[in-house]
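Shown below, as structure tokens, is a lone chain in the form predicted on its own; questions about how it binds or moves come after it.
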């Protein structure tokens, strides 16, 4: 295992220390329990938006804490859900009196721990709503989930909800934005290589040089099928066909096209993927009006990509274009 680490057991803490040093103008990092909050938290009178999950997916979620996106993020151990006490303390730290939205990816551990934290917060008088993102069309159930996994739409929902909260919309209104994104977003990913969890020390799954895995999860879960390696255009067709066939869209609809790198994929390859995905979306009568291209939900050093389509409307376009200033996403400021 070749990694730029010291001890496997210190990886998350030392990463958080690095974030604290690098982005003290944007975020504050709390230890024991671990969570990241925006530097000006709590913002009075504003709905607070929180997410979290296992580490190893950076910049999701800690890189998306700041103005116009998340108020807090809770990092668990690598590929391991954060604990209820992390979520509770983060919820209390960012509560500005207007309620708190938990954006939860559909993984069994995440759902269980977020629910416990929400119940504890409500017992302390904090109004909490939770929305579960389950946009992965690859598999119905996997090692980590009951139902579809939560993947690319999560980042898009965090941006949209963060902008809605900055507009001082109510908790119900911000949660409704999240529910709408959940309903209108679909994703699917693939891997060229596995990844290695530091404390495990060996690849999560064995993937020969001439093979690829279609439909993988962000924790390195195997996908729906393993095939001989294909060209980029053929791979994109394999990802886009299940997405488009599952979408509740019609010709003429406007969409955001998100091409994500899994951690070990260079940007030159992501643009090749985007090119073909754009052509396929256009062929189906969809109008690509916004995009996001880069490594935003990673799986450590895995080489691969995921594609997300999200149906847009006037409100979503305004929320997407609204200013955001976080370590991992910023524009308009």
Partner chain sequence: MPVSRDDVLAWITAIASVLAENKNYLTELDAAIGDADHGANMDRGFKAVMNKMPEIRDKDIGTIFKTVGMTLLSTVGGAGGPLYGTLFLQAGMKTAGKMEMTAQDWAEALEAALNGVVMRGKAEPGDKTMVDALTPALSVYKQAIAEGQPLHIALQRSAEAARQGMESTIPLVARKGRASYLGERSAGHQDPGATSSYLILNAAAQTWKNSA
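Positions refer to the first chain, counted from 1. A quick note: this is a predicted structure, and the numbers were derived from the prediction, not measured.
Another form, the form predicted together with the partner chain, is not on view; read the next lines as being about it.
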Using a 4.5 Å cut on heavy atoms, which of 159, 182, 169, 219 is close to the partner chain in the predicted complex?
219
Taking the partner chain in the predicted complex as the reference, which of 126, 244, 200, 130 has a non-hydrogen atom within 4.5 Å?
200
Please pick out the stretch from 72 to 80, 183 to 191, 170 to 178, 251 to 259 that is in contact with the partner chain in the predicted complex, where contact means heavy atoms within 4.5 Å.
72 to 80
Please check if residue 231 has a heavy atom lying within 4.5 Å of any heavy atom of the partner chain in the predicted complex.
no
Contact label in the predicted complex: residue 139 to the partner chain, heavy atom within 4.5 Å
yes
In the predicted complex, does residue 102 come within 4.5 Å of the partner chain, counting heavy atoms only?
no
For residue 92, is any heavy atom within 4.5 Å of the partner chain in the predicted complex, or not?
no
Residues in 90 to 109 that come within 4.5 Å of the partner chain in the predicted complex by at least one heavy atom, in order, are 106, 107, 108, 109
